[in-house]
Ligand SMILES: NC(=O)c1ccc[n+]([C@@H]2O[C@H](COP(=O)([O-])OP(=O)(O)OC[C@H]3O[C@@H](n4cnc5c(N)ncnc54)[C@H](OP(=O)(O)O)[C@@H]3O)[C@@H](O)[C@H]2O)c1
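Presented as structure tokens, the chain that follows is alone, the form predicted on its own.
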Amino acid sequence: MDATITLNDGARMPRLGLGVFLVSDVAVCEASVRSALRGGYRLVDTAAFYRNERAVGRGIRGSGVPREEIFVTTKLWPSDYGLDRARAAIGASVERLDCGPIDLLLLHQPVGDVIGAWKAMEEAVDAGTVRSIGVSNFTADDLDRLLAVARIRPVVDQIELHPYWQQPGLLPVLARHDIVAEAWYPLGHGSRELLAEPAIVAAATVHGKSPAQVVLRWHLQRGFVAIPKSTDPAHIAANFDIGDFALSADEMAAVDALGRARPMQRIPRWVMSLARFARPRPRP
């Protein structure tokens, strides 16, 4: 299986990366990024809201891996939506990361002046400041509203996605528009229940892998991009060590059958609407 996936704008994105959500200690974040890149990762996912873009940039620069081999994703927070605010926020993220153009920039939540922010992101693509643009947490209806006016189509929708929540209503819409599904919480937020499922444990036993490795392999074979988060060097290495086995059709079907009717991390729309008022304050 190819280690990358081709986006609808022609860019190639690694299928497996490191997420740094909730990694608030900047030294730990920097070390985790450096460790991941030295261990073979080539995708790192951060966001302005995570307050660790500077640490991610330092980890990239300190890794010894050529910048052109690394795919960096960050996100705009809704308080920075709107044309002028988004222009400024994009420049601020570029400055904090300090590693050249952003490979993929996402709208973090579908609230606030989405259209104004999207226009600023399209301008950034035209200027070469950003290479690809996409969205996060967008539903099918959110995508319809954006696609009706977008000049550049989103390449990715980063969403909650794992064997318990397989986005049955959204995935066909993404496929129709050639938008890649990227999984945050690909392990169901490390759900012990999920990792103890007989179908997953059985496959792990057959292949001599951990349940987490089986779930991550399921993501890749489903055509998703996955960004598991870890700060433990051993876990970071294990999460990446999934290229030497493949799940059979029966094993895939058994994991597919674990799907449930609702997500584990449902975020009420009124909570998301508050996001436009809360500005992230970057850490050193």
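Sequential numbering from 1, following the sequence displayed. This structure is a prediction, so every number in the text was calculated from the model and none was measured.
Just so you know, the form predicted together with this ligand exists too; it's not on screen, but the next bit is about it.
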| query | Heavy atoms within 4.5 Å of this ligand in the predicted bound form: does S230 have any? | reply | yes
| said: in the predicted bound form, does H189 come within 4.5 Å of this ligand, counting heavy atoms only? | reply: yes
| request: Verify the contact flag for Y185: yes if a non-hydrogen atom of it lies within 4.5 Å of a non-hydrogen atom of this ligand in the predicted bound form, no if not. | output: yes
| message | Residue-level contact is defined here as any heavy atom of the residue lying within 4.5 Å of this ligand in the predicted bound form; does A212 satisfy this criterion? | response | yes
| field | Check all three, T74, W118 and A175, heavy atom within 4.5 Å of this ligand in the predicted bound form | value | no
| task | Select, from the options 132 to 140, 90 to 98, 199 to 207, 165 to 173, the stretch whose residues sit within 4.5 angstroms of this ligand in the predicted bound form by heavy atom distance. | result | 132 to 140
| field | L83, L195, V125, L147 - the one with a heavy atom within 4.5 Å of this ligand in the predicted bound form | value | L195
| said: Please tell me which of R38, R222, H235, R61 lies within 4.5 Å of this ligand in the predicted bound form, judged by heavy atoms. | reply: H235
| query | Taking heavy atoms and a 4.5 Å limit, what residues of 103 to 119 are near this ligand in the predicted bound form? | reply | H108, Q109
